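The form predicted on its own is given below as one chain in structure tokens.
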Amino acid sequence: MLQFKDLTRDQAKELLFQETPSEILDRYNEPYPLEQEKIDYYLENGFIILKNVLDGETLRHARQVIQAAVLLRKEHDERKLKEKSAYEQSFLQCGYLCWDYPALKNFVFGKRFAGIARDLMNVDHARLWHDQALFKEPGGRSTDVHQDSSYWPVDKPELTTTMWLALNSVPVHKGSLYFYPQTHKPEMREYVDIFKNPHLPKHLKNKKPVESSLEPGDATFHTGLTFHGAGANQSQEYREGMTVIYIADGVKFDATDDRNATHTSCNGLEDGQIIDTQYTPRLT
């Protein structure tokens, strides 16, 4: 059973529905300085590692409310790791948390994070696509190499980006992410079915990935086209990561692939319509 130190179910519920302190909200919405050289690096390579996106009491609070949300989402799953599917052994996946828990909504809607996404994508405005916590259990297997956009019905996947925020220390042996630089080119797209047929695409076999060893509060951003994966968790504690995915304002719903046409964030849209739903508010 999933457990976190000093966090009971009742405490988790209280945390998730109580008012977020004003100083925490201010920090969630405070701009993060982003030099042009970092934007250029992201545009060239398809990913970037950023230091101290959150820190101090704000990070402590964010970690606690995200742990609380994961605890409540997974409280009825009493399976041991070995009893789960290969995909489920890669991580505990909890999505759309912001719509269930007010404390998570304050975090996910933070303009600090959305502003970074907007600037890295080099667009005027960024919208929320969705959020998900990705905790890797002790002994959890590797996350297979893939492109996120394979699962998203977005017409311009190059105008999507994922923030992966480390809530605790995430060294390589704990299951940190790794990225294949400059693999975010449209001609390199390849659907890798990490549910049924995980594999390393042929064009990546001679490429060397870049590891991301993260301290608490560090974050990575990568485009929806960037090939990436994560190692196994060889430690005795959870690898705790929180993601928020953004799309550029103005991208359209692409329902031509039946695999993704029922995506929650595009509920009610027709093929070719601009993505602007209750689940995809403009954040910047």
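Computed from a predicted model, the values in this text were never measured in an experiment. The first residue of the shown sequence is 1; numbering continues from there.
The form predicted in complex with a small molecule is left out here; the points below concern that form.
- Query: Any chance residue 167 has a heavy atom within 4.5 Å of the small molecule in the predicted complex?
  - Reply: No, no contact at 4.5 Å.
- Item | residue 103: touches the small molecule in the predicted complex, heavy atom cutoff 4.5 angstroms | It does not: once the small molecule is placed as it appears in the predicted complex, residue 103 has no heavy atom within 4.5 Å of it.
- Query: Does any heavy atom of residue 114 come within 4.5 Å of a heavy atom of the small molecule in the predicted complex?
  - Reply: Judged by the heavy-atom cut-off of 4.5 Å, residue 114 is well away from the small molecule in the predicted complex.
- Query: Does the 4.5 Å heavy atom contact test between residue 127 and the small molecule in the predicted complex come out positive?
  - Reply: Result no; residue 127 lies far from the small molecule in the predicted complex.
- Name the residue from 146, 156, 73, 84 that puts a heavy atom within 4.5 Å of the small molecule in the predicted complex. Answer to the contact question: 146.
- Message: Going by heavy atom distances of 4.5 angstroms or less, which of 134, 98, 204, 192 would be at the interface with the small molecule in the predicted complex?
- Response: When the small molecule is considered in the predicted complex, the option within 4.5 Å is 134.
- Message: Each of 160, 248 and 265 within 4.5 Å of the small molecule in the predicted complex, by any heavy atom, yes or no?
- Response: Checking in the predicted complex: none of 160, 248 and 265 is within 4.5 Å of the small molecule.
- Query: Of these, 43 to 51, 239 to 247, 28 to 36, 65 to 73, which stretch puts a heavy atom within 4.5 angstroms of the small molecule in the predicted complex?
  - Reply: Looking at the partner contacts, the answer comes out as 239 to 247.
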